[in-house]
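Below, in structure tokens: the form predicted on its own, a single chain.
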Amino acid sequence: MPALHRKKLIGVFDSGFGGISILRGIVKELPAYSYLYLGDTARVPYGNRSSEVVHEFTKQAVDFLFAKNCELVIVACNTASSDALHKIQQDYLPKYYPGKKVLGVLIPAAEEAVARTKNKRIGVIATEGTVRSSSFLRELMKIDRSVKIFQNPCPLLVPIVEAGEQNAKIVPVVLEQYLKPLKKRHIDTLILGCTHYEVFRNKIGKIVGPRVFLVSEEHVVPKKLKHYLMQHPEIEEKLQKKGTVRFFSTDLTEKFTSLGSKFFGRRIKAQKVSLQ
């Protein structure tokens, strides 16, 4: 089949393997389509890097996924969604990939948080880069200017997950320290503003209590993507429907395979690639 007429894939990109939880949710919601996952594990975490570096890394990931026949890319990394997505959409795509689409995870999470809050006091935990960018603040205020937003960066959480230490004894202590300032603000909704944080969901729920609704991108993004494809049949009709999932990593280790398999819910196999 000529390349021009080949059916296209959906790409999902994250700085590590946290985005595999979002991919799991997408595959569960939309199992018919074919997917490629890219984890930039050689350069994780992105949260403590400059906006310029994150933008460059994200461009490289987008280039890779489009070269692999993706029609649509989901940037599952919140830091990349915060620091790079707008520039990618406004400048990079029109110049190099007209007609292609790159979507993020911030707006779906923000929309869900505003819909769920009753007292209009919303908390956000995220990487330093995401908090520094104020992206969640901007997106939440666009939807409802009356909400109060309280953010706290959690720089230790991604390294803990990437090291496979999410069940270490120190984790509840670390989480308590990060969540304490938000609990004092009497939030009733908390955005888990990093794909890696889903693994801490139960622990976070115990700390903040049952009255605080946790907004998880793993649950929100798949439904938003389903709606997006319904609204854009010109994209949906191009997509391959073979139900396949392939994984790529910039630093393929046994840890990526084992932890990625836990995040995805079944055994995965990955291929090592370079983005540079």
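Just count from 1 along the sequence shown to find any residue number. Quantities reported herein were computed from a predicted structural model and do not represent experimental measurements.
The protein also exists as the form predicted together with D-glutamic acid; that form is not presented, and the subsequent description refers to it.
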* To do: Could you confirm whether Val158 comes within 4.5 Å of D-glutamic acid in the predicted bound form, counting heavy atoms only?
  => yes
* Asked: Even though D-glutamic acid is not shown here, does Val44 get within 4.5 Å of it in the predicted bound form, heavy atoms only?
  -> yes
* Hey, in the predicted bound form, is Thr127 touching D-glutamic acid, heavy atoms inside 4.5 Å? -> yes
* Asked: Is Cys194 close to D-glutamic acid in the predicted bound form, meaning a heavy atom pair under 4.5 Å apart or at it?
  -> yes
* Can you check 194 to 202, 116 to 124, 87 to 95, 173 to 181 and let me know which stretch has heavy atoms within 4.5 Å of D-glutamic acid in the predicted bound form? => 194 to 202
* So which bits of 76 to 97 sit within 4.5 Å of D-glutamic acid in the predicted bound form, heavy atoms only? -> Cys77, Asn78, Thr79
